[in-house]
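Here's a solo chain for you in structure tokens, the form predicted on its own.
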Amino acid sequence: MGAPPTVVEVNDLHKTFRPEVFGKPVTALRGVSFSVREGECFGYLGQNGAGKTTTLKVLTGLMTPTKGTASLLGKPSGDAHARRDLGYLPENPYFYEHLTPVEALEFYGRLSGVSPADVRARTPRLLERVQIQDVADRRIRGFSKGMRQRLGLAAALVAEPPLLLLDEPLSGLDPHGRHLVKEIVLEERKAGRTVFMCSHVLSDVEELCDRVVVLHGGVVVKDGAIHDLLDSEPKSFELTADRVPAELRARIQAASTHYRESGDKITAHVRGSILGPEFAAAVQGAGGRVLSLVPERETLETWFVRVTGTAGSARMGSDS
């Protein structure tokens, strides 16, 4: 069986612009290349100013690149047909304030080429899916940030597009809303749609995405599947035990980065992949009881900080 087809293709993308008429040119993208395959949940990551928003503007046809190409579903990113096959949720979705959610979905559905009958049929299901059906007839002007975010997601889904481009989809949501949106993303991926997601909440990216690209200073510094990028070897262990002899307690405390006692129970964080199991064996050998020994592996957040910090140091060295 062959590999799934490519639905997003970015080749040698450059973008330079002037923030002010007589200002110094700013280079936002410096030869960015990556691809996204059908059915992937893809994470596009980078610090503020890395070039993520510029890339999204090129992909949605809102900005023309200085050099290079970008395509969606085999069509140039600025093509009207490509945009109709794209469901887009911007970081700060904008709506006409006097509309209701029902009217807004009808408006965006028609813009996407969906027939009035299909929009009317889909609207109740979509509003229920994002759980704002109770405010379906209220004016949007009174909506909170979280309610607007949910409506924006419904608008991105109204045309049932094969490709979803979500910019900070969890922004402004309470814990219940975050859980709801993550469930919808997983459902869309399960249905075979491709999800391209930008997010600063890296724990959510780690939970949802199959693969990530990391942008730093307008350059791609990492591209790969999350399980291949993260170090699977434990970085530390959390040991919880009771009935530990005083001498052994002192040894464990001296080797711990965090240590606390509660009655007869101790909880200790020890670095490395060896000390945790060794202390657990020592506790059992001394007649104590190991309640838990939890490995703490590298998260996407700690990996991201390490990678972008290294890339930043390298760029500073090359610019000096």
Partner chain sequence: MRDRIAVVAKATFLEAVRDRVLLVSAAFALGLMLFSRVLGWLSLEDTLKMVQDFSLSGLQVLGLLLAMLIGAQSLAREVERRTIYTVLSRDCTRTEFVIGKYVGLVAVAWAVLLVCGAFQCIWVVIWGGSIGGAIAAAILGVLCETLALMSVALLLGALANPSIASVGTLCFYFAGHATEALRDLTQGDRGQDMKGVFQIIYRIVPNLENVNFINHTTSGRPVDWTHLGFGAATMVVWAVVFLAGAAALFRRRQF
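Numbering follows the first chain given and starts at 1. Only the largest set of C-alpha atoms that superpose within 1.5 Å between the two forms is called the rigid core. Since this is a predicted model, take the numbers as computed values, not measurements.
Although it is not shown, the form predicted together with its partner chain is what the next lines describe.
Among residues of the shown chain, E207 is not one whose heavy atoms approach its partner chain to within 4.5 Å in the predicted complex. Contact check for S112: a non-hydrogen atom falls within 4.5 Å of its partner chain in the predicted complex. The closest heavy atom approach of T60 to its partner chain in the predicted complex falls within 4.5 Å.
Using a 4.5 Å cutoff between non-hydrogen atoms, E103 counts as a contact of its partner chain in the predicted complex. A single residue from the set K222, H81, R243, H200 has any heavy atom within 4.5 angstroms of its partner chain in the predicted complex; that residue is H81.
In terms of contact with its partner chain in the predicted complex, the residue from V130, A155, L173, V119 that brings a heavy atom within 4.5 Å is A155.
Judged by heavy atoms within 4.5 Å of its partner chain in the predicted complex, the contact stretch among the candidates 93-101, 183-191, 209-217, 245-253 is 93-101.
Relative to the superposed rigid core, R18 undergoes a CA displacement of at least 2 Å between the shown form and the other one.
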